[in-house]
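Same chain, two versions here, written out as structure tokens and called structure 1 and structure 2.
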Structure 1
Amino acid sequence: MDTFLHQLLSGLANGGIYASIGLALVMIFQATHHINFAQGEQAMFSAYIALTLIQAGVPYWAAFLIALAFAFIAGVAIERVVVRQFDNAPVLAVVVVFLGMLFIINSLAGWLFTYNVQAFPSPFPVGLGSKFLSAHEIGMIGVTLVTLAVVYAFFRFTPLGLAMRAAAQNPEASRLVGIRVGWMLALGWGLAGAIGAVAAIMAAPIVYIEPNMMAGILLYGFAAALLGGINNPWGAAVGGFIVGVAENLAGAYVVGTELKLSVALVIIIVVLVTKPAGLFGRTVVTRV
């Protein structure tokens, strides 16, 4: 029973990371109707920024906030400089752009920071741990929940958040009421980049940091987004926790730790075949 509880709670901790990445993917999808395959690489690069600052003597949480600010600015810049140029491009061209961004950011990180695997410090004291969860896992759950709560409050209660939601859901009507849709979408990219950075920085002490650290996590995040609903941000967040628990339990009792990544692939295939809109997504019907 203790082993089961450990796997369950550890899955919730991992699920918080997948929820953050899934939320970031859904935010980009709502803005562009495309999947940002470079989301994980953007997050990874921000984690390297945080590690560099920490190694330079900057306090952990100050480095954390600076890395989030960097991720936000980088997300806005990518949307304004790169993505904006392909607004009316064919879908395949946009996919190639996102894949190109993935390889460019990955190679840039390897060139700047090397491909060596490095340890990443955890800010949470060892005494915070329990029989079932490590101190970092408990702290990771806390940081994830705070992040999700802040994002929810921002979109639900602030004029800027409401404007960003309106611009993503109905850009034509938003322009008619004076909302600067282009900038709202750019800010959405920035916010998605910051949320992804939170996931990468929290995951780094567990998976260690190297340029390919987010490859598997991005796949789990994609599974979370599809499971919860690719057009429902909060469904994607719930999907992240479900995927985290399913991955851990399947790895412990069904497929083994070596094949845990296959759980994400199975979830993606099952959702696409049986319920493409996800658990909480809405089905869009278009008159032709």
Structure 2
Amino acid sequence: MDTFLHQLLSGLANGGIYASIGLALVMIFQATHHINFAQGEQAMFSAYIALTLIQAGVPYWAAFLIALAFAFIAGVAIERVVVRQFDNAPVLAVVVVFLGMLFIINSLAGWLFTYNVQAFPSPFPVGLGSKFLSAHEIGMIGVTLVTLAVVYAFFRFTPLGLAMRAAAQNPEASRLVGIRVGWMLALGWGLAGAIGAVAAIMAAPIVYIEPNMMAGILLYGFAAALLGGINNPWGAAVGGFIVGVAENLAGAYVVGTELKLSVALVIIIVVLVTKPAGLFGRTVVTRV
């Protein structure tokens, strides 16, 4: 029983990581209708910025905020300088561009910071932890929930959030109601970058920082977003927790660790086949 509970909670902890990267994906998807394959690498890079600052003596939360600002600006810059050029390109060309960015950022990070794993500090007091969940894991879940609330409120209650969704869906009509589409896209990239940075900075103390740190996580982040519904922040967050827990339980009790990723894959496909917009996603109807 103890072990079961333990598996459950440690699944939640992993789920927190997946959820936060899933949120970043929801953000970028809502804002641009693209899935950014370089999202994980951008996040990793921002985490390195935070680490570099911390190592240089900057207090943790200051470094955290600076890294977020960096991630935001980098996201905006990437949109303005690179992605912008592909406004009218077919979606697959954009996918290739994202993959190109993934390679570039990964490579630069390896070059600047080496490929060796390094420790990453946690801001949460050790006393918080228990046998089942470490202090950092608890803190991280909390941060994920706060991020979720912010993202949700942003889309749900601010005109900016609505305008951003509109711009992604129908740029031409958006311009006709006075939305500055270019800036919306850039802003979306910036915010997604910042959320991704939160995810990476929270994940780094657990998985350690290295240029490939997000490779595994990003996949689960995708899974989370798909499972929950890529147009719904709640969905992505809940999806993340579900994937984390399901993966642990399946690995520990059902199929063994060898196939747990495959199980996650099957779960996602089964869910999508029965609910194409994900568990909590809005189904979008096309009519003629």
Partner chain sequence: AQNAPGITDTEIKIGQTMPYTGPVTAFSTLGKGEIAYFKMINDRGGINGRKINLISLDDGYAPPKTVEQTRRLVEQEGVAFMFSSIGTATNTAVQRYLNSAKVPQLYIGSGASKFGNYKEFPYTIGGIQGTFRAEARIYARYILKEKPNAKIAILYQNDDYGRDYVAGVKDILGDKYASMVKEATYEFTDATIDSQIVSLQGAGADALIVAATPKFAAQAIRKVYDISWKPMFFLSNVAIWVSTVLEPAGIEKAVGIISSVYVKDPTDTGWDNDPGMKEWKAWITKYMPEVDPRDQNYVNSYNEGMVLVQALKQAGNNLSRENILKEALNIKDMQLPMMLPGIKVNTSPTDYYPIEEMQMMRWSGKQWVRFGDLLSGSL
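Computed from a predicted structure; not experimentally measured. Between two forms, the rigid core is the largest collection of C-alphas that superpose within 1.5 Å. Quick note, the numbers are simply positions in structure 1, starting from 1.
By the stated condition, namely the form predicted alone, the first structure is the one that fits. A movement of the C-alpha atom of residue 152 reaching 2 angstroms or beyond is seen between the two structures when the two forms are aligned on their rigid core. The Cα position of residue 261 differs by 2 Å or more between the two structures after fitting on the rigid core.
Comparing the forms between the two structures on their rigid core, the Cα displacement of residue 85 stays under 2 Å. Here residue 30 exhibits a Cα shift of 2.9 Å between the two structures, evaluated on the superposed rigid core. Core fit done between the two structures; CA of residue 170 shifted by 4.0 Å.
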